[in-house]
Each structure stands twice: as structure tokens, then as C-alpha cells.
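A single chain, nothing else alongside it, follows as C-alpha cells in the form predicted on its own.
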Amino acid sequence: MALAFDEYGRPFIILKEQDQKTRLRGIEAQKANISAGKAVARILRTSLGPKGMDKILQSPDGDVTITNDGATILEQMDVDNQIAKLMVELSRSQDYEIGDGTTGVVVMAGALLEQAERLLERGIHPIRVAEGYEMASRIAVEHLEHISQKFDFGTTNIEPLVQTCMTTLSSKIVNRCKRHLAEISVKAVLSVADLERKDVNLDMIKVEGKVGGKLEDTELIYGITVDKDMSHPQMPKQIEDAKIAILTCPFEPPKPKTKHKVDIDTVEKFQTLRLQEQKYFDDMVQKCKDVGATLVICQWGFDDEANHLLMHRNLPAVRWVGGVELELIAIATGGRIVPRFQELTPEKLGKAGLVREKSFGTTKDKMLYIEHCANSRAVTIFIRGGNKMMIEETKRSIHDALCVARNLIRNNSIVYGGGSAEISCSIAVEAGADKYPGVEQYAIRAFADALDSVPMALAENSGLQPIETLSAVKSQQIKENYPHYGIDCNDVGTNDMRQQDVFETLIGKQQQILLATQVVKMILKIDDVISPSDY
């Protein structure tokens, strides 16, 4: 840090503890920031597209994650640099807002930074670069609107939705049975969607996984699964037309809140106490029977005596069910959660067509399926797979697919994938650059070059010659004025993404461009980094 001197020549300190801080200013700071952003983008670049590679991340406590999802890779990477953290935030916001395209948005931001570095070296002021990027992103977003297409789908015609979900899933590990998983995701979203309001509550879709079986065994259950079994092994394993009492009170005699001590000095007194307890249990079980319940789901446990009595009275019960699951069961069966036995009434019972216990493989794992509910607004996607990492990754992939289906229900415009939208935007931005006089025009052209980085990465990951492939597709688009030509990643033999059925959501693409531009503008505006030094 520079020292300052007063008029008598004595040095005085401006920053507190300034010898312990490091400071980068001016163009140095910008270069350092840009290289940090580029480094993050470089990591994700190889995992873009259907032939993208996966990353393996080990957390400090030894958990291993294998994933292809941009947001997850960055979340787990534990970055230290301030600017790299911005990139993590960027992919996270894409994940929250859209759910898909988390890798693409970081690659895009990295390319914009790379182009900005060249402009800064030519001596163009960072603010002018940022403004040029802003203008260019506006052109690109409008152009996306222009080339997008709407398509109609209904509860009967779900093919367009399935195709779009398949595009999302094709870049994940699960792409060998993407058709099956895409259909499951779409059916799940449609069964909880409110098509009038164009709204989907994804909390109603529970994604559960269990190791074992194979990916193809993944199923959609119109109801809820609970990872518990009946409290007594001899209770019936299948109940039809179940009336379910959902309780949050413990099945045991009430204990006084204050400290208490009971002196028992004769056998008779002990007998009375035991009988009293037993009568209390009897009343509880009887209350449940009187209301007409045929299954009790309880948030707390019950002691063995209650269990025994329930067994004798033919009242199957499940204990220790979590609060979130209770809520979902209540929503699905149309029941009410009852906090006290005194409040049990027939109206508060939930109804389900079938409650069955299913065991898996040779292990003693059992699960309860609650199906054919009164209100089938809550569904469960139940994933099977060879190992835990596979199931975790499938959960993330399904989450992406669910988000895509939800976005399509909200806004049914699509653009074509395979880099075709980016190439088309790049051509439009390049053409629009001439209308702007001044230095910004350089930045707008740079933005057009940066847009090409996504199709370039796709071609690179698919083992094609990146520059040749990209220029061939670009000239084809310009020659025929047809914006749906993209990179043929899967070697189908045609560049027309319409024939390949590769779709992406319009709002997802627009969000990518807007978010990437915002972050890059923010990074370009930083010209001074003061940080505590490392010793």
C-alpha cells in the first residue's frame, strides 16, 4: 500500500493494519478477476452436452458425489476466491429459477470474460465493454423471442413435454432410459399441475430412492411412500379402502408435567395402577375404532402394550412417521392431522384406496405404499439403481426434468437446442452491431463471439472438429436463413434440430443470457480488490 505523508513529512496510516492486507488495483485487479472466472468456467466446460464428462467430488468427510449438474459441481467444489464464488452464485440462481442449464450459464459467462479481456488489452474502458454487453444481451433476448415456437399440449397429448424433458436428461448419466424417466417426470408434473393458473407446486412431488433393482424399475406412484413398516409383524400387510387416522400425539399414558413419585407398597396398588394404564390404552384404541379408522399413522412411538392391544383389536398402525411425510399423507388422503385423541372425528380421517407394505430383495427393507388416494395431488417418484451415487445423480436429473416440465407449463415457448439458438443469436447480434456507433460496437461483436462458445464446447465434447463444425453450421444457418441448425452431437446424420427433437425452454435460454451478462458486468466494474493477506 502507498504511504501518505502530511505537510511535515510524517507518514500516517490510511488503512487499518495495512501491512496485513494485499491490494490489487486497476487493470491488474480486472485481469485477476477475469482469470478466476475463466478458471471456474473451464472446469464446467467439459461437462456440457450429451457427450459431456462427469466430475467426481469428495467432501471433507469422505462422501463421494458423481455428477454432471453444473450447480452441484460448483456447490461442492468449495471455492475460496471471491470472483469464483460469484460464478457459484450464478449457477445457483439459474438452478433456483429455471432448474436446468446450470452448466451452460457458467460457460457463457466464462466466454464473455475471455472476450472482455481482449478488449481491455486494447485499452477499451471496462464500463464501455459492460454497456456494450448489456445492449448485445438485449438484442439476443429479443431474437430468442423471435425464433421461438409455441406448442400446444394437453393432458392427453404429452409428447412435446416428454421430448423436451428427454433433451434435458440426455446429458446425464441416466440417458439410456431417458424416455422412461421423461414420461414419469411429465406425468408427475401434470398430476400436480394447476393448468388454469399455469402453476406447479413441486413440493407435492416427492422423490424417493432405494438402492437395488435397476434404473428401469423406477416408477411413479400416485400416492405416497413411507419408509416405515407396520408396527407389529402380524398386522395385515394390505388394507383396501383404508380410513386413516393421522395422529401427532403419543400412544401412551399421560405423564404429569411436574416431577412426581408414586409410592407403591402393596401388590394390590400395583395391580390397580396396571389396570388403570391398560384401561387408558383400551380407551385410546377404542376411540380410534369408534371413529371408523382402519389404519393409524402416528408421529410418535407407542409402547409394546399399546402395540399388543392394537394387534388384538385388528387396528394396523405405523409409528415414527416424520412431520413432512405426515403433511404429504394428509394432503394426499384428504385427512386432517389430529393433535389430541379427544378431537378424533370421522370427518378428520383420510381415505386411500389401497395401503400395502412392500418388501425389497433379500434385505428386510420394507416400505408402505399409500395409493389411490382421495386427492391424487401428491405423487411420489420412486427411483431404483445400482448404487447410492447413481440414485443421488438420478434424483438431480429428475429434478432438472421436473423443472423443465414446470417451465413449459408456465410458458410453452421453446427454442431448439444443440447450440442452434446460440448460433442464431450470435448471427443476429453480429448484424445488430453495425447500428451502434462508438466503442460499444466492439463489445457487441465480442458478445457475438462469446455466444459461439456454447456450440463450440458441444462440438469439442462430442469429439468433432470444433472450429470446422461450428463454421459449417453457421454458414448453413446464414445461407438458408433457418435458425434450427445446430451441432449434431449424437451423430444422427442431420444438423436440423427439429428432426432430432432437441428442444429447450425459451425462458431457460433467456435467463442464461441475462444472468451471465449481469455477472460479467459486475466483475468488469471491480477495479480494486483489498483482501487480508495469506500469512
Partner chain sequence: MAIEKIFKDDATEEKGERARMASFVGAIAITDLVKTTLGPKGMDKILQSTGRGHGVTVTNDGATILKSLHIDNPAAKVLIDISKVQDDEVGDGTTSVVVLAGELLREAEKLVAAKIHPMTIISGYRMAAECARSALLQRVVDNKEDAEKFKSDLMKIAMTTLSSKILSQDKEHFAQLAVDAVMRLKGSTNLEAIQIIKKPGGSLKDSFLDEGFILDKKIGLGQPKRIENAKILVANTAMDTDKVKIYGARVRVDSMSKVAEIEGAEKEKMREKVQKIIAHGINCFVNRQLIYNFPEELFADAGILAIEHADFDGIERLALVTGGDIASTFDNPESVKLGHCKVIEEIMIGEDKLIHFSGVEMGQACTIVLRGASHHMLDEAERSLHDALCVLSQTVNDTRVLLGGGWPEMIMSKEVDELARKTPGKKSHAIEAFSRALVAIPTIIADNAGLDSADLVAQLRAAHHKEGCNAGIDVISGSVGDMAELGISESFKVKQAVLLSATEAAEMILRVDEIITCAPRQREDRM
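Positions refer to the first chain, counted from 1. Think of the rigid core as the biggest set of C-alphas that the two forms share within 1.5 Å after superposition. No experiment lies behind these values; they were computed from the predicted model shown.
Beyond the structure shown, there is the form predicted together with the partner chain, which is absent from this document and is the topic of what follows.
Trainee: From the candidate stretches 31 to 39, 479 to 487, 466 to 474, 503 to 511, select the single one in contact with the partner chain in the predicted bound form, where contact means a heavy atom within 4.5 Å.
Mentor: Among the candidates, contact is made by 31 to 39.
Trainee: Judged by heavy atoms and a 4.5 Å cut-off, are G52, I66 and H308 together in contact with the partner chain in the predicted bound form?
Mentor: Looking in the predicted bound form, the three residues G52, I66 and H308 all sit within 4.5 Å of the partner chain (heavy atoms).
Trainee: Ok, Q76, S191, N375, N201: which has a heavy atom sitting within 4.5 Å of the partner chain in the predicted bound form?
Mentor: Contact check passes for Q76.
Trainee: Would you kindly say which of Q238, T345, Q149, Q278 lies with a heavy atom within 4.5 Å of the partner chain in the predicted bound form?
Mentor: The residue from Q238, T345, Q149, Q278 that makes the contact is Q278.
Trainee: Is G334 part of the interface with the partner chain in the predicted bound form - any heavy atom within 4.5 Å?
Mentor: Heavy-atom contact with the partner chain at 4.5 Å: absent for G334.
Trainee: May I ask you to state whether N461 is within 4.5 Å of the partner chain in the predicted bound form, using heavy atom distances?
Mentor: Although the partner chain is absent here, N461 would touch it in the predicted bound form, with heavy atoms inside 4.5 Å.
Trainee: Does R340 reach the partner chain in the predicted bound form if we count a contact as any heavy atom within 4.5 Å?
Mentor: Judged by the heavy-atom cut-off of 4.5 Å, R340 is well away from the partner chain in the predicted bound form.
Trainee: Would you please decide whether Q94 lies within 4.5 angstroms of the partner chain in the predicted bound form, comparing each non-hydrogen atom pair?
Mentor: Although the partner chain is absent here, Q94 would stay clear of it in the predicted bound form, with no heavy atoms inside 4.5 Å.
Trainee: Output the sequence-ordered list of residues from 149 to 184 with at least one heavy atom within 4.5 Å of the partner chain in the predicted bound form.
Mentor: Result: S171, K172, I173, N175, R176.
Trainee: Taking the rigid core as the reference frame, tell me whether L273 has a CA displacement of 2 angstroms or more between the shown form and the other one.
Mentor: Yes.
Trainee: With both forms fitted on the core, check whether the Cα of M284 differs by 2 Å or more between the shown form and the other one.
Mentor: Comparing forms between the shown form and the other one, the M284 CA shifts at least 2 Å.
Trainee: Aligned on the rigid core, do the two forms place the Cα of D303 2 Å or more apart, comparing between the shown form and the other one?
Mentor: True for D303: a C-alpha shift of 2 Å or more.
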